[in-house]
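First comes one chain, alone, set out as structure tokens in the form predicted alone.
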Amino acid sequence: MQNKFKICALVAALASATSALAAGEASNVIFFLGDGMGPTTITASRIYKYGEAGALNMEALKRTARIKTYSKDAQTTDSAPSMAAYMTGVKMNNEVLSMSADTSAYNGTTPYVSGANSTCPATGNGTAVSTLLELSKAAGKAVGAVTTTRITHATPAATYAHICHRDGENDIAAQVVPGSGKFNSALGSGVDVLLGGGSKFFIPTTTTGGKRTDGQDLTALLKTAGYTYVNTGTAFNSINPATTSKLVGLFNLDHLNYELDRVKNSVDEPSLADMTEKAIKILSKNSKGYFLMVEGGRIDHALHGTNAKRALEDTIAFDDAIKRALSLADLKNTLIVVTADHDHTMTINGYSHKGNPILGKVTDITQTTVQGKRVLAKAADSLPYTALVFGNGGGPRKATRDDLTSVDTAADDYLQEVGVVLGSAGSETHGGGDVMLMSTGAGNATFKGTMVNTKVFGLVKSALGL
């Protein structure tokens, strides 16, 4: 019995030592968030790019963990409270961004938003809670957010804004801009680097495409506040990080293009990897370190549309950004975390032969080839089906399935079949399953096991010594 107590004491001491080692070990954090990048999306992207036995760059990171993503009021979360949980350590209701747990996004059944303007009550509906970006800024670190969505969209907004309903994007934009009248004072001198889309919420309705109803041109205010502002990939490429300290790039009125379309159509927008590199080079000039959030945001949008190919292409682009960061960061003082905010309903279907295209139709592994071609597996209706399918999704209900025998299911615009049809106006929903977290670098020792998403906040905060 005495030996048992000694062993328990030793284990406790080792655990304490590990925790102490992690605390304050990192000067910098790069937090990668693949929006909607559940385990199936990771697996399918690996097969798509590298084959079954290959590996994504994120899969080579040192530690892995499993993350529970439910929100305060929902079994299946939306992006606002799930990202905010990582950034604040607080469980909040769906649609709420970086506010206290008692905050509601609805006045009864009516959302607190009108168009892109917030109608959140000034008092009596929760309070702002500090984010990792704000805490890092208060500690003197440089901070930034990079995304392929609008920078006012739920995930990037959760790093720097506080609002009771995520759709109030005019108000979210104003919170990040000094001189706007709604600037978030917790940001100190402001977010140092912001790169993505969504310029329509920064310019007035009197300007083509503008959505601001207050008449303000926030891009002009950014320049007045000392930011370098760019709106094309060409202009972005000319930015010298050595001589630039504050940068905002808004490369589209709305979200950036999907990676497949950006490359195929030579769109004048920077890649996620290039934005990540430039952000790191600008932020790393701060001797006290930095906090950078990088989002592969359009993975989620392609999955909502049941367009697996674009989802996989954007996941690969996200993985390339991770590779770029690993080539630039010193892991002795930099913690890199890669995770997702929630899952989706996509799954890998059937028993295809190894090496069968993940975007292709399922082959029947029990049969030999016919005239050199593998035999397609058939469903009960005697029709073939694809390897990737969705549990639900939009579109009209059909009496019978389409015959996919001669259909190119790897085409850019092919939409996967769905189990539960949500109607023509419907969109595939998020999934409620756990997601993966991968980490490496300074302070990564504690990122392991199964944990709720709010715990990740504490681990990152501890690693930074905040």
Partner chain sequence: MNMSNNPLPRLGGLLAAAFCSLAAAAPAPDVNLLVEHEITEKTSDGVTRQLHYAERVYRRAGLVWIERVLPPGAHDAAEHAHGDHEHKHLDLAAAAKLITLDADKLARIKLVNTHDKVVINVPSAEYGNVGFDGSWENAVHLLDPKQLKTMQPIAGKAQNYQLKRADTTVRVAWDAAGEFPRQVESGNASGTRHKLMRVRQTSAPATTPWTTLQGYAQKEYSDYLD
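Rigid core (definition): largest C-alpha set, two forms, superposition within 1.5 Å. It should be emphasised that the depicted structure is a prediction, and the values quoted were computed from it without experimental measurement. Residue numbers count along the first chain shown, from 1.
Absent from the display: the form predicted together with its partner chain. The rest refers to it.
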{"property": "Any non-hydrogen atom of Glu269 within 4.5 angstroms of its partner chain in the predicted complex", "result": "no"}
{"property": "Interface membership of Asp167, its partner chain in the predicted complex, 4.5 Å heavy atom rule", "result": "yes"}
{"property": "In the predicted complex, Glu52 touching its partner chain (heavy atom, 4.5 Å)", "result": "no"}
{"property": "Residue contact check: Leu415 to its partner chain in the predicted complex, 4.5 Å heavy atom", "result": "yes"}
{"property": "Heavy atom of each of Gly108, His301 and His304 within 4.5 Å of its partner chain in the predicted complex", "result": "yes"}
{"property": "Stretch from 137 to 145, 177 to 185, 379 to 387, 230 to 238 whose residues place a heavy atom within 4.5 Å of its partner chain in the predicted complex", "result": "379 to 387"}
{"property": "In the predicted complex, the one of Asp217, Asp261, Asp274, Asp102 near its partner chain [non-hydrogen atom within 4.5 angstroms]", "result": "Asp261"}
{"property": "Interface residues of 202 to 240 toward its partner chain, as seen in the predicted complex [heavy atoms, 4.5 Å]", "result": "Lys211"}
{"property": "Shift of Ala411 between this form and the one not shown at or above 2 Å (CA, core fit)", "result": "no"}
{"property": "Rigid-core frame, C-alpha of Ala55, shift of 2 angstroms or more between this form and the one not shown", "result": "no"}
{"property": "Core-aligned C-alpha movement of Gly426 between this form and the one not shown, 2 Å or more", "result": "yes"}
